[in-house]
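Encoded as structure tokens, the following chain is the form predicted alone, with no partner shown.
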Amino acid sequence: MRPFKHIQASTIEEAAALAAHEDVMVIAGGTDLLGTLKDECLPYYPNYLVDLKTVPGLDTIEETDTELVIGALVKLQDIADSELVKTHAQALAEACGRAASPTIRNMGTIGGNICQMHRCWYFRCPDNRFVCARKGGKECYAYKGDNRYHSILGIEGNCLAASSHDSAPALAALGATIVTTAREIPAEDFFHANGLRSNVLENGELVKEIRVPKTEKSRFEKFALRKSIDFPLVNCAVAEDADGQIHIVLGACYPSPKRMTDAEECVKAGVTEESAQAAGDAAVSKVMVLSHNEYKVEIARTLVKRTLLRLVNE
């Protein structure tokens, strides 16, 4: 790893001001960033890392009458274990409990999880061997290359890499709001292919907290090759909002989590075995499979049905 200078921020505002500089990156748990820097897969290397762990007040889970307020530095395992989260946002607790391995969950933060760069072996190739579209190049190498884990729902920002966050579809389905140092962003609009980023954050903008509306009904399902460590091949979150509408979000099927509005129409009158199956069919009715990932279609169809049935049967 190349040398860098380490700065301990005392406030989130100080960290944001430092992060506005091009040669600065921020670090929390570091479970994703440090490996990225070791592999030197980015087109540039930071001269400074700003440590967010020294900023007070960002590692708590609190509640109001209508929502949970989760600090950006709360560990994934703490969210998975939280009785508040399990009671009022079960999909998020399940998602955080399925992320990576126990060691990583005890290091990684929710803010880091939603801000991690996407997983694609062309983008992540050591020594920056592939200057893909997300790095300023002219093409997505997965289109003609090895795309077995990539998008089945189309392209976003000239990129076919599938979103890899486990928490993201849960937050989007729950109608969460990402509060940054500059604004408040609905989780459904937060995740987006944006150069090296997989979110809409701008330089010098940092996540402070996540506000999650309370609900008694939400569930999360994930399919991975191994239950521990692996990123999802497909994941799915469903949640019922205050108006009784069911939100369905698929992850790992598109460069950002994708709300499946056609599938939601199928369960407006209620979730039954038949309507859940119809929702699964609708979710994959507009797929655009690549040369090596058609197998993900049936996984996505099944996860939508399975997650909906868990919502009403458990």
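All residue numbers refer to positions in the sequence shown, first residue = 1. Quantities reported herein were computed from a predicted structural model and do not represent experimental measurements.
Missing here is the form predicted together with a small molecule; even so, the following discussion is about that form.
For the candidate set 41, 26, 271, 61, a heavy atom within 4.5 Å of the small molecule in the predicted complex is found for exactly one residue, namely 26. With the partner removed from view, the residue among 159, 176, 234, 115 that has a non-hydrogen atom within 4.5 Å of the small molecule in the predicted complex turns out to be 115. Put simply, residue 146 is far from the small molecule in the predicted complex: not one heavy atom of it is within 4.5 Å.
Among residues of the shown chain, residue 275 is not one whose heavy atoms approach the small molecule to within 4.5 Å in the predicted complex. Contact check for residue 246: no non-hydrogen atom falls within 4.5 Å of the small molecule in the predicted complex.
Mapping the unseen interface onto this chain, residue 32 counts among the residues with a heavy atom inside 4.5 Å of the small molecule in the predicted complex.
Exactly one of the stretches 147-155, 134-142, 237-245, 92-100 approaches the small molecule in the predicted complex with heavy atoms within 4.5 Å, and it is 92-100. Although the small molecule is omitted here, in the predicted complex none of 217, 266 and 280 has a heavy atom within 4.5 Å of it.
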